[in-house]
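Below sits a lone chain in structure tokens, taken as the form predicted on its own.
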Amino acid sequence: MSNKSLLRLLQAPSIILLLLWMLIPLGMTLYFSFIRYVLNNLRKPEWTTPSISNWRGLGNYEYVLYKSKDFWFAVQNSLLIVGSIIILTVIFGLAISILINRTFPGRGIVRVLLISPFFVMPSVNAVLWINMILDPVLGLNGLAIEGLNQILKDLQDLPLLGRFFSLWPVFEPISFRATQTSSYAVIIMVTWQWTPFAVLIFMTSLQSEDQQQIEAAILDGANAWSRFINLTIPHLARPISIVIMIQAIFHLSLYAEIEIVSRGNGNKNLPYLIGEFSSNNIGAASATGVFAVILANIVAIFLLRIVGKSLME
């Protein structure tokens, strides 16, 4: 037996196990998506078992696409949440990493504190933000608005400027559990948690930036913004692409934050919609899962092309 054959024989068990680990759940999802499989149906008890006799064809896909009122909203909300988080984390990550990429007293402690939010559990992160910070009554959100209103009230008693401040309205705290704003709460809390990841990647990459080029640019009269655009951003092109790709993969599967903030009330993404369907209609949940896999692969292929292009440059 040749060395290549022996190597392949030794690798075969792990490869086969990995394929089974991937293909069996995917195959079951595809199978369930083509049958009527409803866990609690007294009118049609035969639908409560995953039998081939309950074959429905593309019926589950048609139901999800055309009859489910939440599918397209979930797709749009998924893209809104993922896109907003990626943009904000990249912007804040660049700003913070450049700010701390210089010598100052306590830099080590500051770096540790900046990275620490990334290690908080998603559910704990959501509970802390929605109750202690964004709550309109007991959170910092409500306290800050109450303090602002009190300042405006005190300013109205001034002899000359009081009339001007009396024209200001009374501010009301934002309820981030409401339908229109709950997705913004998810974006805020996940951005806070994942910005340290971007800071860590960018800060590590900035350590290898060519200092001779920066010194030459300073001698040529280039200002800080010009050096950032023409030197720092090209140097960080690969790390930025990697941060975008990794975050897109993780944030497409957000669930805990949405459940804790709004229980899906007007704020659903595809994983949350799958969870709602799976409580009873396994066929519709499986069809939605197939659409989620397709969307994730489209995003992954697009991002991989961006990353590959940046790595080839």
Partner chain sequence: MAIVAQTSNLGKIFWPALAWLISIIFFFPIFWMVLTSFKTDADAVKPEFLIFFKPTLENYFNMTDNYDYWRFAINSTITSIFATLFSLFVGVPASYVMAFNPTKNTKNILIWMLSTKMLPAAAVLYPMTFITKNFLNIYDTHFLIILVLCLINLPIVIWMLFTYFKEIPKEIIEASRMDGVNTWGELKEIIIPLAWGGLASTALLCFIFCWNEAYWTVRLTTNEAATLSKLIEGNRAPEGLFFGRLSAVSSAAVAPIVILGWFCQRQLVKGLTFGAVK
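Numbering follows the first chain given and starts at 1. For clarity, a rigid core is taken as the largest C-alpha set superposing within 1.5 Å between two forms. If you're wondering where the values come from, they're calculated on a predicted model, not measured in any experiment.
Below, we refer to the form predicted in complex with the partner chain, which is not included among the displayed structures.
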task = Report whether all of Pro13, Ile249 and Ala256 sit within 4.5 Å of the partner chain in the predicted bound form, measuring from non-hydrogen atoms.
result = yes
remark   = in the predicted bound form, the residue from Pro117, Gly83, Gly162, Pro136 with a non-hydrogen atom within 4.5 Å of the partner chain is Pro117
message = Among the candidate stretches 203 to 211, 168 to 176, 73 to 81, 152 to 160, which one is within 4.5 Å of the partner chain in the predicted bound form when only heavy atoms are counted?
response = 203 to 211
ask   = If you check in the predicted bound form, is Leu94 within 4.5 Å of the partner chain, heavy atoms only?
value = no
query = Though only this chain appears here, would Ile35 touch the partner chain in the predicted bound form if you measure heavy atom gaps against 4.5 Å?
reply = no
inquiry  = Met28 versus the partner chain, in the predicted bound form: is there a non-hydrogen atom within 4.5 Å?
reply    = yes
Partner proximity in the predicted bound form: Ile260 to the partner chain, non-hydrogen atom cutoff 4.5 Å = yes
ask   = Relative to the partner chain in the predicted bound form, which residues of 104 to 127 have a heavy atom no more than 4.5 Å away?
value = Phe104, Pro105, Gly106, Ile109, Val110, Arg111, Val112, Leu113, Leu114, Ile115, Ser116, Pro117, Phe118, Phe119, Val120, Met121, Pro122, Ser123, Val124, Val127
ask   = Taking the rigid core as the reference frame, is the Cα of Val137 displaced by 2 Å or more between the shown form and the other one?
value = no
request  = Classify Glu172 as shifted (yes) or not shifted (no) between the shown form and the other one, where shifted means its C-alpha moves by 2 Å or more with the rigid core superposed.
outcome  = no
ask   = Just checking, between the shown form and the other one and with the core aligned, does Gly108 shift 2 Å or more at the CA?
value = no
